[in-house]
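Quick setup: one chain, the form predicted on its own, written in structure tokens, and binding and motion questions come after.
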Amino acid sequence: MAYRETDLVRQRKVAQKSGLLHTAEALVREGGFAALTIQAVAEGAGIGVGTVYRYFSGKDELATEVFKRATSREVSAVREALNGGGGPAACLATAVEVFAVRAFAAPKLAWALIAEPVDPAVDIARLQYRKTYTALFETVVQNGIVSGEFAPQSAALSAAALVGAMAESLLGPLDSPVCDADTIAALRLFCLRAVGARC
């Protein structure tokens, strides 16, 4: 008779994998993906290296899972801001601020997600999430064009430019240990002006 996992065993496996991802993300928050190794995760979780390999084939897979898990939270926060109350300009301003504030709250993690040199598998995931961000911003830009809040333009091109500007402009300021309100305000104003909003 073939062995069949019980619900309890499956739940334990899910919990252990989630715990490993939590430990792995903590390492990335402290030192970027360079600090993420199978050995470090095993030590942090208090288990053997072999146990980590039961869940992840290697560092590439583990790093990609950490990236997806962390970035999904950031995308959700931006999506919520873009779908908030107010018109397109207000939603865009809020989303830019949310993105920046969250980046300043975890600068090492933000740098790792945005620009740290990574394994090809993580880089592929990074490009996919850039597309997800762009699609979200394209919707708000299109809404702003229709409502007359934004100037006529290519919503797709402007959205891609906004995502690029937000990510690249924060790389230097992220070295600061505190959230720079002036930087956030300047980025918000830049993004609004970029789409032709009346500021």
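Every value quoted in this text rests on a predicted model; they were computed, and no experiment measured them. Don't overthink the numbering: it's just position in the shown sequence, from 1.
Not pictured, yet referred to below: the form predicted together with another copy of the chain.
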Would another copy of the chain be touched by all three of Thr71, Ala110 and Glu138 in the predicted bound form, meaning a heavy atom each within 4.5 Å? no
Which residue, Ile47, Ala40, Ala26, Leu171, is the contact with another copy of the chain in the predicted bound form, using a 4.5 Å heavy atom cutoff? Leu171
Residue among Gly31, Gly58, Gly164, Gly148 with a heavy atom within 4.5 Å of another copy of the chain in the predicted bound form: Gly164
Can you tell me whether Arg193 touches another copy of the chain? I mean in the predicted bound form, with a 4.5 angstroms heavy atom cut-off. yes
Contact flag, Thr64 vs another copy of the chain in the predicted bound form, heavy atom cut 4.5 Å: no
Is Pro117 close enough to another copy of the chain in the predicted bound form to count, meaning some heavy atom within 4.5 Å? yes
Tell me, yes or no, whether Glu80 is in contact with another copy of the chain in the predicted bound form, where a contact means a heavy atom of each within 4.5 Å. no
Partner contacts in the predicted bound form for 135-160 (non-hydrogen atom within 4.5 angstroms of another copy of the chain): Ala151, Pro152, Gln153, Ser154, Leu157, Ser158, Ala160
